[in-house]
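What follows is a single chain, given as structure tokens, in the form predicted alone.
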């Protein structure tokens, strides 16, 4: 198993990387042709299920590229892990320790809203991309203001818009939303609260009645919230949860008589670890996802054959291969590695700098044909990142829990960009004014945001 724990003092990286990867210590002495990814992982603590799955999938994909292809055009992928326990202060400590690694970081992938927010000033000054796949600041979609932040696949506002678009398909069309009642049950954290304004705007646009109810962290007590929901008697409940809050919500909903197939989970309420602990209460539950589950995809099969076949896989529990969090980690690996490949095509097959990696992410264009070449057809839709759009269109799909596994129940659904784009730009411009930032002109050719 190629799990590496980052245990060094600030500015040092002495832990060995995976068995298919040169050690970090060696990398410091022989910098040549390595692309280094610092991993602020969380394998212990209340959110360990998400961290072990995501970072396991990410590492397994990088291990596959090294083992199958010899790296990216001869450049090996290397990494270290630093345990954050999903705690912001620990995540920042990891960032400070790992940012001076030799070779330097290619991109940061913390999978944490709080840690990502805290890192934005530092990574912008350092000129190293910050990847916030499926999470992070909504307005960081605007690359004119946030050149080094990439909320790939989806942001919180596009997620909310897609959920309402999906509910519209269930009730007979957008015009049928008028007079419907929707409750948003959200985690009592900055992550949970971020979508309050957009749901208010969507309510006004489509004419549905809206109640937004907070569940204090960690979410183990929800009786009063679900009694309130029972009094409201909504048509749908949107579950914007995290961790233990999700199975508790499903079990409490059953206790109060609310049907699981009228609960729509967001992207952090969509895993096996969210549904399975709820038992029968989860059957019929629906959730949004940016990537499909299962092991039938060519890239997953190659990981199983090449990486696990050699005894070098990262997941202690192999049954989790193909799960929601694991497959998201694999997709995240694909996006990071393809950014390396795209940047190499412009700058050469060598260790890339942060600004060169920024250019690669900002030109990350994976159409269905390229997705097929990567062995990922059906695993995720496609992505086309530009200076103006650091998200890449925001396509999502919906899945339903059958009691033991997820199965897809919708086509790929896009958000309402005509509604969202002005909000995103206005928020980004406000941030720019408050922080003395001059937005880039995305109509002109860009190189590695100065």
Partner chain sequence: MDWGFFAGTAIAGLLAGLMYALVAIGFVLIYKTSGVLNFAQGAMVLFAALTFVSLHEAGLAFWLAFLITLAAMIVLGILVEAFILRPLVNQPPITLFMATLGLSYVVEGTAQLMWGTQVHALDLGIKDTPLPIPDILVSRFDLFCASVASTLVVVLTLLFRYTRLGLAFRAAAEDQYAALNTGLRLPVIWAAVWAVAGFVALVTGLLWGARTGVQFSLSLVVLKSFPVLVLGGFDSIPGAIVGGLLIGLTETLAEVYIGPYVGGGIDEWIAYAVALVFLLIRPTGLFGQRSVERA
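Numbering follows the first chain given and starts at 1. Because the structure is a prediction, the values reported are computed rather than measured.
Omitted from view is the form predicted together with its partner chain, to which the following refers.
Undergrad: Would residue 46 count as touching its partner chain in the predicted complex under a 4.5 Å heavy atom rule?
TA: Yes, residue 46 lies within 4.5 Å of its partner chain in the predicted complex.
Undergrad: May I ask you to state whether residue 122 is within 4.5 Å of its partner chain in the predicted complex, using heavy atom distances?
TA: Output for residue 122 is no: heavy atoms all beyond 4.5 Å of its partner chain.
Undergrad: Does its partner chain come within 4.5 Å of any heavy atom of residue 176 in the predicted complex?
TA: Close contact is absent here: in the predicted complex, residue 176 is far from its partner chain, nothing within 4.5 Å, heavy atoms only.
Undergrad: Using the partner position in the predicted complex, report whether residue 216 sits within 4.5 Å of its partner chain, counting heavy atoms only.
TA: Residue 216 belongs to the contact set for its partner chain.
Undergrad: Only one of 164, 248, 131, 75 gets a heavy atom within 4.5 Å of its partner chain in the predicted complex. Which one?
TA: Only one option qualifies, and that one is 248.
Undergrad: Can you pick out, from 295, 169, 100, 220, the residue that has a heavy atom within 4.5 Å of its partner chain in the predicted complex?
TA: After the contact test, the surviving option is 220.
Undergrad: Please state whether all three residues 386, 417 and 443 have a non-hydrogen atom within 4.5 angstroms of its partner chain in the predicted complex.
TA: Heavy-atom distance to its partner chain in the predicted complex: none of the three under 4.5 Å.
Undergrad: The chain here is shown without its partner chain. Which stretch in 251 to 259, 151 to 159, 197 to 205, 346 to 354 comes within 4.5 angstroms of it in the predicted complex, by heavy atom distance?
TA: So the stretch in question is 251 to 259.
Undergrad: Using a 4.5 Å cut-off on heavy atoms, which residues of 186 to 207 contact its partner chain in the predicted complex?
TA: If the 4.5 Å heavy-atom criterion is applied to its partner chain in the predicted complex, 186 to 207 yields only 186.
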